[in-house]
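Below you'll find only one chain, the form predicted alone, shown as structure tokens.
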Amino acid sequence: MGFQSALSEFTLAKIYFDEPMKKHTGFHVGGCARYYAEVDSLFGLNHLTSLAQKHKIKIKVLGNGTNVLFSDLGFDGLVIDLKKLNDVFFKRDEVRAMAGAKLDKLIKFNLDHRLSGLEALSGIPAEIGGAVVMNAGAFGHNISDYITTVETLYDGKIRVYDKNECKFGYRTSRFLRKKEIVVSASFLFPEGDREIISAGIKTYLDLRKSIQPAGCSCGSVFKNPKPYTAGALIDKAGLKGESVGGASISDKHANFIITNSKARAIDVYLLIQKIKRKVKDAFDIELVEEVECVGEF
């Protein structure tokens, strides 16, 4: 039995064929994934990945889709959506969040239980799995600041890493572009005053709204090459407002690329390459993308 036939009979996930990835990403561009699956249990995830490995099918795990650019040619493999694995709960004195839980859901859980620490990450449109892999952060705070352990699935086995084994760095971890799938993370947060936590969340949401543009984007396109910021370098290179096809550099924040309804993935990709060239020519600095390009460009 071929992989497509096996998927047609697979009952542990909701399966789609030739699923448009523009429906699932922040840029709202990209071609179709040959296979697309929504899983709602670790049991189903394990069986699905085993089936794909048996048939030598490429796998891409998708979080909230805000840090990924799928090619217009699509993805000739299996995209696994974890958004239904979204529980957040106490495990002893720690908080455990499944990979598909939105970051804001974890922050709301903390607020309800008077736990502080992640207020600065309010409004980041990420799920826990992707946030852990990229060590998401903002305003000097990172999700790894409060992680105790990370749980992954690979080759049919669950493995638990303590924080020191995760190799967290600036927008990176040991899980970046690895085959193992982050399925949950556990956190230890300090107790706080509910009103102060709530005020902190509002402050950071307002700040984010004031400095970041609206529209279809992946958030920050490039990592900040310390001691500089990518946005300032792109601005100084005179690139604000530059566009390729339906993709343009935001006039409000130069580290954001905004797409319109006519944009293609190749427009975004070519604009990224143009930014890198111009900044390199002007400042001899190599910008490194936060956004992940999937497929052929």
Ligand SMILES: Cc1cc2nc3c(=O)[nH]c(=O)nc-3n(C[C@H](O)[C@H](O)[C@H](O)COP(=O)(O)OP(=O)(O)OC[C@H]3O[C@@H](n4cnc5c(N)ncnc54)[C@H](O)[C@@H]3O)c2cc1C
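Start at 1 with the first residue shown and count on from there. These numbers come from a predicted model, not from an experiment.
Below, we refer to the form predicted in complex with this ligand, which is not included among the displayed structures.
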| query | With a 4.5 Å heavy atom cut-off, would you call residue 66 a contact of this ligand in the predicted bound form? | reply | yes
| said: Taking any heavy atom pair closer than or equal to 4.5 Å as contact, tell me whether residue 125 reaches this ligand in the predicted bound form. | reply: yes
| message | How about residue 138 - does it come within 4.5 Å of this ligand in the predicted bound form, if we only consider non-hydrogen atoms? | response | yes
| field | Contact flag, residue 62 vs this ligand in the predicted bound form, heavy atom cut 4.5 Å | value | yes
| message | Can you tell me which of 157 to 165, 105 to 113, 215 to 223, 191 to 199 lies within 4.5 Å of this ligand in the predicted bound form, counting heavy atoms only? | response | 215 to 223
| query | Looking at 134, 147, 88, 78, which is the one with a non-hydrogen atom within 4.5 Å of this ligand in the predicted bound form? | reply | 134
| said: Under the 4.5 Å heavy atom criterion, name the residues of 269 to 297 that approach this ligand in the predicted bound form, in sequence order. | reply: 290, 292
